[in-house]
Every structure is written in C-alpha cells, then in structure tokens.
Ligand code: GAL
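A single chain, nothing else alongside it, follows as structure tokens in the form predicted alone.
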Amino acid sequence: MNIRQLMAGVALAAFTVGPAQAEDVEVLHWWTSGGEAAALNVLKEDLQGQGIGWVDMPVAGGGGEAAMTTLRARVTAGDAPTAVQMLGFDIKDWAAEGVLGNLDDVAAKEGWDGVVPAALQFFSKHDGHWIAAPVNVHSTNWVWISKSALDATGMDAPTTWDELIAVLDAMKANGITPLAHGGQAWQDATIFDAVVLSLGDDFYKASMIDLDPDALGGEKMVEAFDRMAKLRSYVDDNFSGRDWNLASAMVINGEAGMQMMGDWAKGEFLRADKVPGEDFVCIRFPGTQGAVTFNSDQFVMFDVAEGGDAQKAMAAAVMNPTFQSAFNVVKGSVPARTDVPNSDFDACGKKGMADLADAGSNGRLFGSMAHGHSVPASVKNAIYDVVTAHFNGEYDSAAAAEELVNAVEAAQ
C-alpha cells in the first residue's frame, strides 16, 4: 500500500468531535525529513478534509531540541502554537507550568484510558488529566543494515557484540564505511542508549533511569564507553554535524554498511522504495533482543483563546485507529494504541509491534534516555555532554565514567 492509498483511506474515515469548525491549527514540529514529511501529510490531509487548516511551523533538528527552544520563545512572547510535537519529560515540564489544554472530553468519549499503555499515559496525563495525544511509539535500539553489504561479508546479521564487531570489520575490509552516523549529541546518545542496554536490563535501569552513582561510574560503565570508542573507529571522518537522515541515505545508497538509529530511519528506506528483507535488514542492537527502549511522539495542545474545537478534532484524528495505522506504516513507528491490527505493516513493522508487546508484558520496556523518556531534560543534556565529549576523544573511558557521575549529580 503506497502513501497516496494510505492517505485516501484515512480521508474516508470520520474523525469528528461535534460539528467541524473552520479553524486552523498551528503545529510546531521537527518532522522535516522526507519520510517524516510524508507521514505528517497523512494527518494534514485528514484535517483539511474536515475543514481545518494546517499552519505549518517546522523546526529542523531530529532530536527536537531546536523546536523546544523555539517553543520557549513563542510562549514567553505570549504567542503559543495551538499544537506542538513533544517528547517525554518535556511534556511533564510544560504541564507543570499550567499552560496546556485539557483533552479529557475527547479522551473519555473515545476510551483512551483503555487502549493507551500505562508507560505512555505517564507522559500523556498530568494530575490525572489528558493533556497530550500520543501519535506513535518509536523504539530506539535498532540497527539498519544494507542487505548487499551484509551479504558481501558472508556473515549473518549479528546477534552478539563480538559478531557485530566481526561484521563491521568485514565491511571495512570491503571498502565501505561500516557505520553511518551523524555527529550530533542526540545521535551519539542514541547509540549509547543501546550500548548500555546491551550490558543488561538491570544496568540500564540503574544507570539511565535510577541514576545510581555506582552504576554511572562503575566498571560496567567504563566498558560501555570502551564499546562506544570501538564503534567510533568505524565511522567516517566527515560525520560531524551530519543529519540522521543523511546517514540513513549512506546505507540506502550503498556507501555505508549499517546505521544504529530509531525506527524512524525505516521511513527513509521505504521512501527510497527499499524493501525489508530484500534491500535492508532490521535487527535489535546485539545484546538487547527482547528489550525495548522507547520514545513516543505526542501532540500537546496549549491552552489558547481560540481554536479549541480544532484542537479537539486534531486530537481525535491523531487517536483514530485508522490514522494510527496509516501514519505509522509510513513513519516507521508503531501505533500508540494497543488495538490497532498489524495487517498493513511490513516485516520490520510487525517485528516492532511484537517486540513492543513482548517487552511490555515481560517488564523489559524502558523509556529512552536519549529521547527524553527516562530522565528530565536537565539530566539528559548533562549525559549528552559527556557522551559526545568522549565520542570525540576528549575523555578516555575511565574519565568519562567519572565525569558522568559528576555531570548527573550537578544536573539534579
């Protein structure tokens, strides 16, 4: 099913909360890559079909930091957008400021409590009230591998750290960049998330969620930084500042062997007409099989003087099962609702939905530190600084682990 068919299917669905109003929603977001823009069009088309205009306010930057800076300036100036894409603890921080709208009417009417996992509701609600509509669940501990580059190594997709290094070494020997990466703090942290998780669920929880100083500064953390330094040796010299989707393009175009990135990367592969299992392989970061680090894009509605009906219509549209399927098929993520069938999803999408359900039922579903779902922004940014400084050679592994303890303590 192509994007046009998906949008046509969504346009047939009735997403209404009372009579449609001729209003606009101004939407601040950072979905600016080709695959992301294609997915966002699914929502734009639906709202336009209800007579609701879409005023686009894109702010480039895959981790959302630039968007949050722009948002702060808008709110300070008394000119908040009607809807904002937001992640994790950023939602909780804004909710605590008392500036968000209330979506309880829509949520009660459509039964959100029964279909949104508790791990997402933790961020979607404040003081028991719905203040955000979750669009999706992304999982971040993925590796995207060029099938042709993997086949050229004569090896299978890696399942352990040692196998991963063997594949990367073989790719390097074959004359391509083994690991496509963009030197931005959130991208470094995305790999770090997976490396820490690969050293054990308990270690991830202790260090990235509970912020235990012994875990943050101990021998296992030194090992995590050693592994980061090893991965750095497979990255090309021009990685600094590269956007994540350009790193994806390196794999798509055969210039690189693999990328360690969340499942939004799949949208870039699909947009390039690449097929899972034929052109690329999707695996969990070796050592993290059965566990999932997640983030969830949510649309937060600000408390504005006008546009409330349009906000509610947008929230209802976002949570409609037909939209949740259509959007996430294109985006690469999986639905935020647990009752959406997987029939329209490709092999990687089906695997993502199954992995999420399995991790949730087995207590192995963890909020991603790198994407604002395990710790508040101040702590996340402190971890970013240390991880990126180490990745760029400013610290050795032992010094990085020691500095991590200091940075987190200072940020709390």
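In this text the structure is predicted, and so the values were computed from the model without any measurement. One-based numbering along the sequence shown.
The form predicted together with this ligand exists for this protein as well; it is not shown, and the discussion that follows is about that form.
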- Checking 244, 323, 239, 269 against this ligand in the predicted bound form, the residue with a non-hydrogen atom inside 4.5 angstroms turns out to be 244
- Message: Which residue, 337, 331, 227, 284, is the contact with this ligand in the predicted bound form, using a 4.5 Å heavy atom cutoff?
- Response: 331
- Given this ligand in the predicted bound form, answer whether the residues 31, 36 and 297 all have a heavy atom inside 4.5 Å of it. yes
- Message: Tell me which stretch of 107 to 115, 214 to 222, 81 to 89, 146 to 154 has a heavy atom within 4.5 angstroms of this ligand in the predicted bound form.
- Response: 81 to 89
- Any of the heavy atoms of residue 186 lying within 4.5 Å of this ligand in the predicted bound form? yes
- this ligand contact at residue 351 in the predicted bound form, heavy atom, 4.5 Å: no
- Query: Wondering, does residue 94 line up within 4.5 Å of this ligand in the predicted bound form on heavy atoms?
  - Reply: no
- Message: I'd like to know whether residue 138 contacts this ligand in the predicted bound form, with contact meaning heavy atoms within 4.5 angstroms.
- Response: yes
- Looking in the predicted bound form, the residues of 255 to 293 with a heavy atom no more than 4.5 Å from this ligand, listed in order, are 264
